[in-house]
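Consider the single chain below, provided in structure tokens and representing the form predicted on its own.
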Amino acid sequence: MDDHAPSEQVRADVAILGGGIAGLWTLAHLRARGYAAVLCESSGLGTGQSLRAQGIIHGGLKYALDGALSDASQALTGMPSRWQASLQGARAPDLRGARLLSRYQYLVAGQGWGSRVTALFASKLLQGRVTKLGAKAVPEPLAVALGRSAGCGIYQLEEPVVDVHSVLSALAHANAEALLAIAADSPRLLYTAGHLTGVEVSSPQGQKLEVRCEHVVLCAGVGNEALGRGVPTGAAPMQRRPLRMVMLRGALPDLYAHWLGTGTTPQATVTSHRDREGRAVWYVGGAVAEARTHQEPRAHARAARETLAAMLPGVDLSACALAVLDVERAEGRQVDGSRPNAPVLHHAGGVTQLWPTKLAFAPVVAEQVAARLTAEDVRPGRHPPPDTRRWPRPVVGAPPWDEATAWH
């Protein structure tokens, strides 16, 4: 298409660039409050970091394992109940169309952890959210480990696990008329006399659209770095922390658990999923995904399987197919390079650049964006919802176990 062809133009209050869980939840939150908003996505919805998440709605417990309630643990405290309310349709956005994989996550604490975990979980903040399980209540895959390890304790955490693809689908379905599929290199922030006036995008077919708006939200993960260069004050500082997640596929029981190692980071975290052919897949994070990211992928996967085999002596993992997934986590930069305790938002000249840090923080991020709009006197109802019926809509991306091709 001719680069000088005139752009179609629509008006809105807010334009969101990035269609992961944070962008979609923010879109739903703003539209429910009367804002005219659109969301632009250049690939499948959720294909950045969202679909690579394990789906655990953390309540902060694993960030308190050093015996103190850290800023991160306290920031996450209310997230499970917030998500549960939406999953039950009792709070907007209505996520009754999403799938809950498990109501609980389990924590396996070996020798040396007993008194420390007991003291921590007795705190008022955590009471009612953690239950130490007796032998008869332990899920079958963990029962053998409990029987073989003296001093091992297994705890049930009030941390639900969701199917991320279904959450994205529910949000996308409810807000379909506000979603725009765009070309990857097309977003361009528009300024007049130094003031933000909107954003210009192109469809995959080359059609141009100018969204005239008062505020732009950048929540494209790694993509924020390039998008932020269009802000006169420059991109907000960002850091990347690599992960190498491991997938096991085979005759596997459902399991949702953390194992404590010698440090305060869980040695491994397992969630269970089904691929498009109905086969069981374990998706493995934790320290095994953060360590040895420089290692050859097959060796990395085999090492993770050996770690899990030692933790789960009653489960035969020898015949499981293995695959790895490299994840480039994008976060707001911290001085020491550590994981941020809470979502990072940077506001400048009508643009909010954000990194949610955790899937669980999506409701908080949406509320913080709405609060910023109020502070900038961007009020809902100034414009009717823009008519974008002629524009293509993005679709939800595929889960990583359906995209992986290098199984071995």
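From a predicted model like this one, the values you see are computed outputs, not experimental measurements. Start at 1 and count along the sequence shown; that's the residue number.
The same protein has a further form, the form predicted in complex with a small molecule, not shown here; the description that follows concerns it.
You can rule out all but one of 249 to 257, 179 to 187, 306 to 314, 88 to 96: in the model of the complex, only 179 to 187 has residues with a heavy atom within 4.5 Å of the small molecule. Among heavy atoms of R31, none comes within 4.5 Å of the small molecule in the model of the complex.
Contact between L359 and the small molecule in the model of the complex is found at the 4.5 Å heavy atom cutoff. Using a 4.5 angstroms limit between non-hydrogen atoms, R82 is distant from the small molecule in the model of the complex. At a distance threshold of 4.5 angstroms between non-hydrogen atoms, R129 is out of contact with the small molecule in the model of the complex. This chain is drawn without the small molecule; in the model of the complex, the residue among C219, V270, L171, V199 with a heavy atom within 4.5 Å of it is C219. Though the small molecule is absent from this view, in the model of the complex it lies within 4.5 Å of a heavy atom of just one residue from A36, A366, L373, A53, which is A53.
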